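Next comes just one chain, in structure tokens: the form predicted on its own.
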């Protein structure tokens, strides 16, 4: 349908905050999703796409600004898709995240559950991330100021984040508040150096260009890792940039580069070439009990670690406390990644068994257990839908507690069925997507009752919320 035939709604009151950070309005029986609005705004909406029961729109005029609004602190707000709730006070963000968990459990799960525990706020609301990935592109997103320039003065290269829904457009970031300094200084130095050299930035359509990606990782312990991804091998140019970074930022603990000649940006299957320092950075996490030994984790270039490390300890302690360990339990940690939760609980149980799909993550898990002198962990790499069978349980023993922390799409139905056959006394379900968590719990509700629910805010200024639910076997 041409845009000129799509509806235009006037004086519409925004009612709620909804999925993907979009606000929710209702016109007659039609639900309308609108980005960058907050509940209480009164706006005119131009519909840009329409379905049977809902439509997507954009606010083209504000008649009333909500009292819940705050001034966004980032100049890129409204274009960058990363922090869509910056215009909502943090107190209100927490309120709507808690409501999102309640709504998903009520509407999708349709099962009984106790009143949600108050959401745990993040200790930091800016500078909380320990990993950012930037993209080089010769198709920089042009704002009104850029468009006003003469063509010969308009520069097309950019280093930043993808524009939402546009895989070939990158917003050139001037300052990002997600990560502490020197993150911005590193990115800007790399951009300025490569532009001065006249090096080409990658084009995802033609697959031409030299500079491809920049990853910056850090830890609370003060380590910094920079990974530069080039599209092809050019030893002289690579040496120039890597030496520049090493000299300009002596605090870097690890400096790595990758030559990725593939058509996609995935580098987990590529060789990591160490230029300076160590091939890892180190993070620490306090023990879940007073007097316990704090844990040390080595994080490699492609290792997974919770991106809000200060809040990660609170998330894992929530899962630990819900399990109510007495010390003699056999625990399965499903989707264990690099063994963070496995190692977190292992010192306080009889045995912990971790299972993860990615073999390199399991290698990291073994390393982390050895690093912390933890000897009662066992790890398996493989597809959980195939690994978690009767033979696996026979080999490893019947678990008293299963901790599961799946990716956003939740658990495979066969994994849910196998858990129901195993019948552990407790299931601690950690989720980054409460919609799929509610779906999975609904499949287990005949055998299990939900006895505790704890939302945790890992990502301030976004709509994302982590959630921990305790399921107890019905007697």
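Computed from a predicted structure; not experimentally measured. Numbering follows the first chain given and starts at 1.
The following text describes the form predicted in complex with a small molecule, which does not appear among the structures shown.
*Asks:* May I ask whether 286, 295 and 347 each come within 4.5 Å of the small molecule in the predicted complex, counting any non-hydrogen atom?
*Replies:* No, because 286, 295 and 347 lack any heavy atom that approaches the small molecule to within 4.5 Å in the predicted complex.
*Asks:* At 4.5 Å between heavy atoms, only one of the stretches 321 to 329, 107 to 115, 381 to 389, 241 to 249 reaches the small molecule in the predicted complex; which one is it?
*Replies:* This holds for exactly one stretch, 381 to 389.
*Asks:* How about residue 310 - does it come within 4.5 Å of the small molecule in the predicted complex, if we only consider non-hydrogen atoms?
*Replies:* Residue 310 lies outside the contact set for the small molecule.
*Asks:* Quick one: does residue 356 come within 4.5 Å of the small molecule in the predicted complex, counting heavy atoms only?
*Replies:* Result yes; residue 356 sits at the interface with the small molecule in the predicted complex.
*Asks:* In the predicted complex, is there a heavy atom of the small molecule that lies within 4.5 Å of any heavy atom of residue 96, even though the partner is absent here?
*Replies:* No, residue 96 stays farther than 4.5 Å from the small molecule in the predicted complex.
*Asks:* My question is simply whether residue 406 lines the interface with the small molecule in the predicted complex - judged by any non-hydrogen atom within 4.5 Å.
*Replies:* Result yes; residue 406 sits at the interface with the small molecule in the predicted complex.
*Asks:* Report the residue, out of 303, 369, 87, 340, that has at least one non-hydrogen atom within 4.5 angstroms of the small molecule in the predicted complex.
*Replies:* Selected option: 340.
*Asks:* From the list 257, 335, 177, 199, which entry has a heavy atom within 4.5 Å of the small molecule in the predicted complex?
*Replies:* By the 4.5 Å heavy-atom cutoff, the listed residue in contact is 335.
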